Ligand SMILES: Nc1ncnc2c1ncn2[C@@H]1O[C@H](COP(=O)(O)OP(=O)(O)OP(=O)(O)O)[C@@H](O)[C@H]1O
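Next up is one chain by itself, shown in structure tokens, the form predicted on its own.
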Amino acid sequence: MNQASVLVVEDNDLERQITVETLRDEGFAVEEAGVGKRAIELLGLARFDVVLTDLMMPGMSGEEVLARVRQQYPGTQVVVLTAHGTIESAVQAMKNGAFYYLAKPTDRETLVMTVAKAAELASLRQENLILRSEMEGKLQIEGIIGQDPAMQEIIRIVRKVSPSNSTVLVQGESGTGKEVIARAIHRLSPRAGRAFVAINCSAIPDSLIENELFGHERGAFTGATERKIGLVESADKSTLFLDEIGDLGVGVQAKLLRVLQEREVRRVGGNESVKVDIRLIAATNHNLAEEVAEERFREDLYYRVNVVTITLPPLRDRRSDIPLLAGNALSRFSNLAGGRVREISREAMERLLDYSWPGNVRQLESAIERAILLCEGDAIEPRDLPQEVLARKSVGRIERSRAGDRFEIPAEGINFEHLERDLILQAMEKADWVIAKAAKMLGMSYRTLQYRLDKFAIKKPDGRAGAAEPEG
């Protein structure tokens, strides 16, 4: 039994009923629409293998239906019906991407055979897409770079959530690429044809953010000489990206909650609400759950934005991706040196791999851009890298043997005192300057580490000594 799905679009009720019953008798799953606008609505709700549409209809014509299907649902095949049967209309429909055309009236056998062949092609194309995905294995998304398992899981989630309208919360440290994820979701969504609307909530003063988001009416306040459409309203039928949503004031949070609940926005100084259809993607480098506990973020809004959560790992936790990201940055910025700089030397790459990258991907890209500008040859060398990247290895390289945990002293030797100080500093930073935790990392007693901290005059960046125990 043929289970292919067919959408019949025909404004003549009798002809539509006959066509629908004929195809259902042959085992097709059939939906029907009397006008083109309704057909587009149904296409947004379910996947169809074949659209069988009349060309001449009031309102949205069959040509317009065909164009929308080809643009938004390329796997669906379109068969056009025309009572005017002219060669011109048939040829034009085929040029525009129709699978075939049928002149009305058409006999039952021709109708069923044509729809069956169109459905077979739709099924074959779908299978090819699946096979291609399986062969490619770890799929990439434009803008998202990473072979690390954590990044591959994020890519999987992005592909899953993109076709929906669900709100997405992207978490991660500054510079990890939260907006890159948001833009990827938009590009893979049905809203991709409209502009991506983004705003950094932390970059706009509290006194202005409400006006930026929701707009205002003429005369709403001194200086409001004309109506202004806010970013929420301008994102209608598209995606609204609120970066650093945790920095919004409580009052603005309340208005945003209303937008998400009621799907409408009221401009500042306005009396009427305007319906909006937006898909919200929010990002933050804060822990919103903690912000809720501290009553700095509304709990009800938190649950509205925390439908699907994507947490981006810091670059220090995905070091295997550093060569990929550095290579990509090199390609992007190579024009700065006229394309002369073509690679990163092994020594320079070792320095990149060794650094902790507190500024994450953004800092790495900045370092590569700087290195290209300073590079004198065709390969980036350690001397071209920023000083903070070199500082970790300024004591002399100690490389871990492939055979195990044994460290090998390089031929040029090391400065042991500098090395000791560097290791202690790293441990204190990783332990958030809690001496007991750092001592455990280094395998020494609290008293021994305290002595060495005093010996090397190691203090926190704010000038204070480390804490004895975790605070709180």
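All values reported here derive from a predicted model rather than from experimental measurement. Position 1 is the first residue in the sequence shown; the rest follow in order.
From this point on, the text means the form predicted together with the named molecule, which you will not see here.
Residues within 4.5 angstroms of the named molecule in the model of the complex, judged by any non-hydrogen atom, belong to 324 to 332 and to none of the other stretches in 337 to 345, 324 to 332, 270 to 278, 156 to 164. Within this chain, residue 349 is remote from the site of the named molecule in the model of the complex, having no heavy atom within 4.5 Å. The closest heavy atom approach of residue 362 to the named molecule in the model of the complex falls within 4.5 Å.
The closest non-hydrogen atom of residue 174 lies within 4.5 Å of the named molecule in the model of the complex. With a 4.5 Å cutoff on heavy atoms, residue 199 does not count as touching the named molecule in the model of the complex; it lies far away. This chain is displayed alone, yet in the model of the complex one of 103, 121, 379, 180 has a heavy atom within 4.5 Å of the named molecule; that residue is 180. Contact with the named molecule in the model of the complex, judged by any heavy atom within 4.5 Å, is made by just one of 188, 204, 144, 112: 144. Of all the residues from 224 to 253, those having a non-hydrogen atom no more than 4.5 Å from the named molecule in the model of the complex are 243, 244.
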